[in-house]
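The form predicted alone is given below as one chain in structure tokens.
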Amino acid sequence: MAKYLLEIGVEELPAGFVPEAEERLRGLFTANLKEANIAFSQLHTYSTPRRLTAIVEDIAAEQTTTEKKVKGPAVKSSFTEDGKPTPQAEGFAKKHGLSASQLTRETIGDVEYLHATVVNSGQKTETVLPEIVKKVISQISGERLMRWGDCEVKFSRPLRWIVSLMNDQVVEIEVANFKSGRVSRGHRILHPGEVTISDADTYEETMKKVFIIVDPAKRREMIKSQVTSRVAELGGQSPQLESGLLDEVINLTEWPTALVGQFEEEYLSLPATLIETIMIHHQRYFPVEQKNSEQGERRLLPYFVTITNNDRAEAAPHIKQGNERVLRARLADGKFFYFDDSKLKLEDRAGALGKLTYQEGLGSYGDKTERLSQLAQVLIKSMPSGHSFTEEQQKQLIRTCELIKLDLVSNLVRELPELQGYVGSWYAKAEGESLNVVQAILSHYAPRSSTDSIPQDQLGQLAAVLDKLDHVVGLFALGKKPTGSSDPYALRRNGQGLIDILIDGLTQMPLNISLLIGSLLMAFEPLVEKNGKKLDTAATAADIKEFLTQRLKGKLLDSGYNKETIEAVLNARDPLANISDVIVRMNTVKHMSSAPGASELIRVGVRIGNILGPDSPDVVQPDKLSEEAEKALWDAFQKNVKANWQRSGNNSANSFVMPTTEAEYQSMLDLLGNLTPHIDKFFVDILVNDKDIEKRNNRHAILKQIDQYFRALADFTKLQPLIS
């Protein structure tokens, strides 16, 4: 069996695109080889900033011959009375390269059809590969494609060479005016110029000789090992080795070499996050952190480790000096902005915040701050008894909403946008704000990425919910909801972050998100109409709720709940009115489903739910009950369920009050469980949908009264698959 090598040489690709391009190469090449019926054992891919490589192990010399049956016309319409094939039959045979006599017959159902057995003889792999490779290359590229020269091919960066070898023989391919061969390119600095690849087997070894580590996994280990060693020599550690920074620098170099630089200790008076942000986001350096800092506080050492693409000893002093000079200038700027900004109090920046546009059509960040403060008050007033905020908590939430966006108009955030939230918390702390408020200003942006966690403090969680909800509702009000894979305003990320906080953070807090959505839509309505548009608040609210509910469903699935339980609980009533109650009900149904007698209870709940409609009456007229089974059911419900539920203190005499804890829901289920024999007899003896409208309404009303207890927990009709 043979080994095939494909190397696509390019100008330096953006570091963030390299892993994606490699993954696409792997998936597309694999899919196209399988579609072409070319067998192989394994396909490996590698990547550097200047090349994408695929190596196919044990690739077959030719395509697998395939055979398939194609159904044709019915036999009865394919032959004349004297047995000669009709033009229809001959045309079908000719289409598949056969004569009519070579067609076979097969009965499908009660009809006999002609069939053609089509054999596709495999071509040699070298003949098929060129078209496959051209197709794969055309599909690899992502966004912001480029064209160059006079070729029609588009790619993320200009193509520069193609290596295509089957063992040691060139497989000729022409893409973007480049003809494939065995000539690659070495390291741009350490071995500039061409390098000849003798065969696919020695590819990786050959490239290493010209200072190219083609395997990103090996570059990762080289970088980790070198950085760990350099940092240990300095008596420190580098937690950033476990971050996205490592993923980025892997794809910035082909021959990675760690080099230590130093900066003046005076800059250590700045917040560590400020120094790290400058190092990481602007320079791609690994900060060096002191080991075993006192009381767990992080302290930086005046060093950094940069990953260079050059290991020459004579080049090291120049590289070190250049990196130190650039970092020193950036740190000086950061220090100036940090201390210059602190001359003005946060709240004194409110005027400037009013001039900073939040979103065209939604006003300024000053408007957003005012909305958040008002929304905080709506939230405070909406909390049910037993969950009310203390006076101090109310003050802190409103104060947080007043301050959380003010650092956006600071010079430091303008220079380093990644520091939004951090800067506000530093200045708020220096101005003597409550430590809870300081922490909330910092944490309310979380989760900042897919790898980040939600805010760990309750005040930060509440502020984040209000902030993210304002963003989602505002953009939906403008008609800018995400479509397909396009989400330019990060609504999916904000929506998922909102749900994550409600589920993982504010689990015990009954927040009414639906109420907050309505309040925000009222605030956005005049802004939208000011631009000449009409806001359909009901339709927009429904879209937002559906958007958030879909994320809630995904979150619950990821948490291990089955889809039947999720559908049953969410369908019973508006889940966004109290997500903490959703979790309680999810756990109740989960435990109920595995308990003895669950199937009987689910069965009667399903049957009652299925027979009732939206217009079913709920007022029972006891004096109109005529059959013994309906009288018995109504009497048992009154005495065994309703009376006991009222006596438990969970209900008033005239209205049904929802349970609030899993124990209360379980108590309600126990009462319903005692009622199941009466319900069974009712369905056996009674015609519920009687022609007599008075009887039918009365019987529906009995079931409606019982169903409110079932639906308090879940829509039991969605649980039917659990007993099917």
Partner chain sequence: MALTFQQVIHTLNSFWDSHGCVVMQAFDLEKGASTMSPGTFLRVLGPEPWKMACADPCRRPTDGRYGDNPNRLQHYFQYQVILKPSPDNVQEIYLESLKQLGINPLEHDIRFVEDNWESPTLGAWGVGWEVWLDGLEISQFTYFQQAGGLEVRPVAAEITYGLERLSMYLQNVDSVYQLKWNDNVTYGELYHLNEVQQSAYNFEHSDPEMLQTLFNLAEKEALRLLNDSGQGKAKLVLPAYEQILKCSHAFNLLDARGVLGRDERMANILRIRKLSERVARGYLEQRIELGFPLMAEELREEAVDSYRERYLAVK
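In this text, rigid core is short for the largest set of C-alphas that superpose within 1.5 Å between two forms. Residue numbers count along the first chain shown, from 1. Not measured: the values here are computed from a predicted model.
Beyond what is shown, the protein has a form predicted together with its partner chain; the following relates to that form.
Inset, instruction - Using a 4.5 Å heavy atom cut-off, state whether K84 contacts its partner chain in the model of the complex. - result: Result no; K84 lies far from its partner chain in the model of the complex.
Inset, instruction - Although its partner chain is absent from this view, report whether C151 comes within 4.5 Å of it in the model of the complex, heavy atoms only. - result: It does: once its partner chain is placed as it appears in the model of the complex, C151 has a heavy atom within 4.5 Å of it.
Legend entry - Contact label in the model of the complex: Y203 to its partner chain, heavy atom within 4.5 Å: No, Y203 sits far enough from its partner chain in the model of the complex that none of its heavy atoms falls within 4.5 Å.
Inset, instruction - Answer yes if any heavy atom of E360 is within 4.5 Å of a heavy atom of its partner chain in the model of the complex; otherwise answer no. - result: Within the cut-off, so yes.
Legend entry - Answer range among 246-254, 229-237, 627-635, 72-80 for contact with its partner chain, defined in the model of the complex as heavy atoms within 4.5 Å: Contact-bearing stretch, as computed: 246-254.
Legend entry - Answer option from K135, K481, R312, K208, heavy atom within 4.5 Å of its partner chain in the model of the complex: Going through each option in turn, the one that passes is R312.
Legend entry - Selected contact from H318, K124, R105, K534, since only one has a non-hydrogen atom within 4.5 angstroms of its partner chain in the model of the complex: Only one option qualifies, and that one is H318.
Legend entry - All of K381, D487 and R493 with a heavy atom within 4.5 Å of its partner chain in the model of the complex: Answer is no for this spot.
Legend entry - Contacts with its partner chain in the model of the complex - residues in 299-329 whose heavy atoms fall within 4.5 Å: Those in contact are I307, T308, N309, N310, R312, A315, H318, I319, Q321, G322, N323, R325, V326, R328, A329.
Legend entry - Rigid-core frame, C-alpha of G322, shift of 2 angstroms or more between the shown form and the other one: The answer is yes; the displacement is at least 2 Å.
Legend entry - Threshold 2 Å Cα movement between the shown form and the other one for F339, core superposed: No, shifts by less than 2 Å.
Legend entry - Core-superposed C-alpha of I189 shifting 2 Å or more between the shown form and the other one: Passes the 2 Å threshold, so yes.
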